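In structure tokens, one chain follows: the form predicted alone.
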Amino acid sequence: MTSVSMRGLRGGVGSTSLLAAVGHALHSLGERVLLVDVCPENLLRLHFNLGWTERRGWARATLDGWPWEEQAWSLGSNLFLLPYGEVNEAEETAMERRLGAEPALWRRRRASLAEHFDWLLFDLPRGHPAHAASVGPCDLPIRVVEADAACHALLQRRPERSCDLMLVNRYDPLCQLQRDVLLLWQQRHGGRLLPVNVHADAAMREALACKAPVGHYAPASLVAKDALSVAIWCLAQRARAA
């Protein structure tokens, strides 16, 4: 089993939508995929038509003492989703403390999932360090960025954030600023940049409004093809590692 994590370098860069798209793309290529939402916002489920009032999830189950593995949803043959679950602010804080006290929680759970899935995809939060750390090292840790001044400033301020792989989202080749920033990043972080840029495309936002991954909502769209390219790149990295 190969593990992938996606986390935004800053808020609002579209990492959750992108994870849903790549997970769907990997499944379309015949892979067995489990997507895990580690974000207390619990938004990944909305990309797969789960009800807004659905409260179940692994964190909700962990807090309530229920079996976490029974919270997964089957989205089709060999495609599964494990939502975070609905929690209030106090429960969110309690979950952060619990994961801080059990830093290997998800590492143990990953071992039990290895025989059932080819890919384990984690949607990681930015502001909850214990949540993110509980997942442990992933084979492909990806920071989702936009080629803008804010992400560039964060990379300058915190150089260690550039240690992860970098995937440029919402890229507009007609924007001079984005072209310039991307060129600068290719010079400074070339070894970390994925060879695929995910282009800005209204289909991605529309897909969430329709509660579907973009590859299902608009399979012929540019962004769906980009997500498929990212999935193929992931397969190539697995083959290289093997």
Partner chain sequence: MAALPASFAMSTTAHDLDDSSTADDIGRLRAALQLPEFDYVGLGVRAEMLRALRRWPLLDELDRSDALPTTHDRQEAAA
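The model shown is predicted, which means the values in this text are computed figures rather than measured ones. Numbering follows the first chain given and starts at 1.
The same protein also has a form predicted together with its partner chain, omitted here; what follows describes it.
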property	result
One stretch from 134 to 142, 92 to 100, 109 to 117, 75 to 83 that, in the predicted bound form, holds residues within 4.5 Å of its partner chain by heavy atom	75 to 83
Candidate spot L177, V181 and L228, all three touching its partner chain in the predicted bound form (heavy atom, 4.5 Å)	yes
4.5 angstroms heavy atom contact with its partner chain in the predicted bound form for R126	no
R188, heavy atom within 4.5 angstroms of its partner chain in the predicted bound form	yes
H27 within 4.5 Å of its partner chain in the predicted bound form, heavy atoms	yes
Interface membership of L50, its partner chain in the predicted bound form, 4.5 Å heavy atom rule	yes
Partner contacts for 93 to 126, taking its partner chain in the predicted bound form and a 4.5 Å heavy atom cut-off	none
